[in-house]
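First structure 1, then structure 2: two forms of the same chain, each alone, as structure tokens.
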Structure 1
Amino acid sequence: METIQSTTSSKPAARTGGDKRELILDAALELFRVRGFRRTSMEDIAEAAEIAKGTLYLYFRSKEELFAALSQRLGERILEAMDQAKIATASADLEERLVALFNAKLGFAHHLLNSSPHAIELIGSNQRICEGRLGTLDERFRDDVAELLTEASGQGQISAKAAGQSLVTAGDVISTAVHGAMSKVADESEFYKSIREIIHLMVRGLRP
């Protein structure tokens, strides 16, 4: 019944269950972006989601748990974006593929978070709360980068040795470097440009 209704109805308000959960998360994310985590009260979130305070606790046992759920959702979306990026640039050159991969990983978070002065607070909380989840994501990402470099190395495009590093190390170095754009560059297009420049310079540094 419910599903049918929500399918026939075009109003999001008519949806129930999982949808309301999403609604809350959306409201919370927006508030965290604008006001920061500390200064956003559960009351605020409830008001923004147009529900009662107590209703929040039907979906999330605590403010912390709400936050964790937000982080997990972010992680899942990033994973999807990474997968799509790999597919979309399968036939491009190394630099392009790295750029696409980094864009996928960082772009999402950057768009959501770096657009606010409270970004770091959010990321910080994320790191603390979601070690398990995002840890997996980081490992996955590391593997992807290493794979790209290995392939390029096999084709003679780069030579980690020439730069005095192993391929894995080189990948980590690039990864670390690109992350700098996250916290330093606020503007979104500047951010993507910055990623590209960093990768460009580093891949160039890896040339045989």
Structure 2
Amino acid sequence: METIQSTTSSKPAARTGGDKRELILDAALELFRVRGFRRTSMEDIAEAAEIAKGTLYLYFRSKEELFAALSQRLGERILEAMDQAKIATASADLEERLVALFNAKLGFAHHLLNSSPHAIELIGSNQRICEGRLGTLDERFRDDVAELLTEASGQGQISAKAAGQSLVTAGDVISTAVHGAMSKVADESEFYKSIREIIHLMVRGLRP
């Protein structure tokens, strides 16, 4: 997933409200990534976004509110990447579909974690999005993995009985293994390779 950052090289003469909000979030992401939440002030964010401090407070009443909005945006973009991965690999085999889904969910998080010691603040427990409609990002991801496994089981590609566990549990085991690799493999290309290898082994164990 592509890193979220501003693509403008200079400040336009005028911006819409939505543009300014996105500019603020872009500036906040970079500052939180480099300095961390505690060491970043609203004044710092306003300066980085090239807006007046008073204008910043028209969009966000506090740094906590801004942080929550940024976490939500990151989560929403990961969800979009997951949806795009599912569509792009709809006709592929189970392994490819799982690899694409895991890459979409964890690729950006892995990149962010290895680019800053403060990144965990952005992708940790505050990453609740679309509450009441989609639930948490992790819950949505768990459902998507279970859906792919269930579909593959219905087609006879895998069998939960082969591994002696339910498909939901099988999905959880795969997720646990891949998340473990995320914390141990710093190199991005090696991490993606690890995702593919883990999924290959896990799916192989589920084949009838």
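Here, a residue number simply tells you its place in the sequence of structure 1, counted from 1. These figures come from a predicted structure and were not determined experimentally. C-alpha atoms forming the largest set that superposes within 1.5 Å between two forms make up the rigid core.
Just flag whichever of structures 1 and 2 is the form predicted alone. Only structure 2 fits here, because that chain is the form predicted alone.
Residue pair R97, D26: same rigid group between structures 1 and 2 | Per C-alpha fit, R97 does not go with D26.
How many degrees of rotation separate the smaller rigid part's two orientations between structures 1 and 2 when the larger part is superposed on C-alpha atoms? Interdomain rotation between structures 1 and 2, rounded to whole degrees: 14 degrees.
Item to complete: Let me know the CA shift of G54 between structures 1 and 2 in Å, rounded to one decimal, core fitted.
Response: Displacement of the C-alpha, rigid core superposed: 9.3 Å.
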